[in-house]
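Below you'll find only one chain, the form predicted alone, shown as structure tokens.
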Amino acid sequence: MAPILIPLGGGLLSFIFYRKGFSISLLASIVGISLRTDGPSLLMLLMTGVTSITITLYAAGYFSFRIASPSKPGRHERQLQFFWPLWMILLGSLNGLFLAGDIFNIYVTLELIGLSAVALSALSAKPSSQIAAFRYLLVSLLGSLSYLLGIAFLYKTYALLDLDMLRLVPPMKGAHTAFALMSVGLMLKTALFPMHFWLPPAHANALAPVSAILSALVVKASFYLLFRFWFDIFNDLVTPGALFVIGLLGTGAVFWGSIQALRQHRMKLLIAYSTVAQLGYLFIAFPLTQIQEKLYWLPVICMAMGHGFAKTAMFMASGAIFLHVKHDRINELTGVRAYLPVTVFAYTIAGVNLMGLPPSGGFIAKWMLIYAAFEMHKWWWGIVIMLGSLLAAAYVYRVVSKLYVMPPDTIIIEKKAHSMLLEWPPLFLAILSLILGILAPYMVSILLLSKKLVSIGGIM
């Protein structure tokens, strides 16, 4: 229970002793844990733990920079006061979701994640962020309602909620309705095309640390549940037709998200739409999954972890650039690398993962999916993945080309003093996303773990 109770307790203490919020949150993020879990959930916990530490460090530098600014005194202090407790509640809920052993406990953690994520997305207090947060709230509640109705049908059918026991029961008539309702609810929360409309404005208008949290962790949690239900808990209910439809929706996400990213004029909106596109690859994996022990998790985990690290680095980099330039208009970012070289380099390295170049986690995931597509004589999915990678290269280049170009008449903005916490956390995560493919053999070993007691020190 430590991964759940420690962050939740940290959230309460951060609210009471808000001036010590950073110290409490950092301690809650790195404390050692003892847990009972299996391979896939352990890797998701590892991703959450590593990402949470870097987000906590970056947030400290981000708010310190904003508080030091003479504009709007008191506003940023209030944001910081509520950020730490909400962030710790969300982190504890994420850990609880990955460790939950029954369907209803998962619902409770989903609700806590959703409510804290909505509050965090509205923290900037801008009208645009508040409208986006309200839309996010409505979609989140709709998804939760659909999931809860699925639980009701499931309990009526089996009188069971335990995940291990649900694996063993034979399919019954009411189970199909429950499975469909729960799947739709999780797809809404994951922002699968065409149910993605709430994601870009919510992610783009939030504060930079919050955007990183939403893109890297929150949508991954609901996707993790969806994939686990389809290929672990309720595998007997899945049909080839349903897998094909999910693949089509993933294809729509890849193309629509990429095209919209190419059309954006703001850096954060481009990154947000790229999240829609990158999530599409995770759903293209559905019709390409081959049940072989637990190795069917490998491309999905590589994609989820690589995207989580890279997207966190990108939102962090965009936040640092915004703090210095006071805007994120892409066409006006020429020459930024002159005074933020580490930040620009981190953004570039993170883009390598989105493009799927070796040795990144994105490369390993896409390579495995393309290989499976041609091996299973479903080559059209492989073509989609390759075209999507080309589009990803185009929207990554669109930003990078501006950041590095230095026209002769470029006005160099004097670099403002800031903490290294604004630069080094995104660089660390960007490099981690780049070398993730090299770590794939170790991930295979973890995925093959049976459900047993695993002790981890100094991770979460």
Partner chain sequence: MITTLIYSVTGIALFCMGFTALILCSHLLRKILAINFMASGVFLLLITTAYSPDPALLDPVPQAMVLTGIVVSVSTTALALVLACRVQETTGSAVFKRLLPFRKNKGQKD
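This is a predicted model, so every value here is computed, not measured. Positions refer to the first chain, counted from 1.
Just so you know, the form predicted together with the partner chain exists too; it's not on screen, but the next bit is about it.
Heavy atoms of Leu138 reach within 4.5 Å of the partner chain in the model of the complex, making it an interface residue. Interface residue remark: Arg66 is counted as part of the site for the partner chain in the model of the complex, having a heavy atom within 4.5 Å.
Shown alone here, Phe104 lies within 4.5 Å of the partner chain in the model of the complex, counting heavy atoms only. The partner chain in the model of the complex is not approached by Arg167, whose heavy atoms all lie more than 4.5 angstroms from it. You can rule out all but one of 296 to 304, 270 to 278, 240 to 248, 121 to 129: in the model of the complex, only 121 to 129 has residues with a heavy atom within 4.5 Å of the partner chain.
A heavy atom within 4.5 Å of the partner chain in the model of the complex is found for exactly one of Val352, Ile151, Leu288, Met187: Ile151. Scanning Leu226, Met195, Leu161, Met368 against the partner chain in the model of the complex with a 4.5 Å heavy atom cut-off leaves one residue, Leu161. In the model of the complex, the partner chain lies within 4.5 angstroms of at least one heavy atom of each of the following residues of 318 to 336: Phe322, Lys326, His327, Asp328, Arg329, in sequence order.
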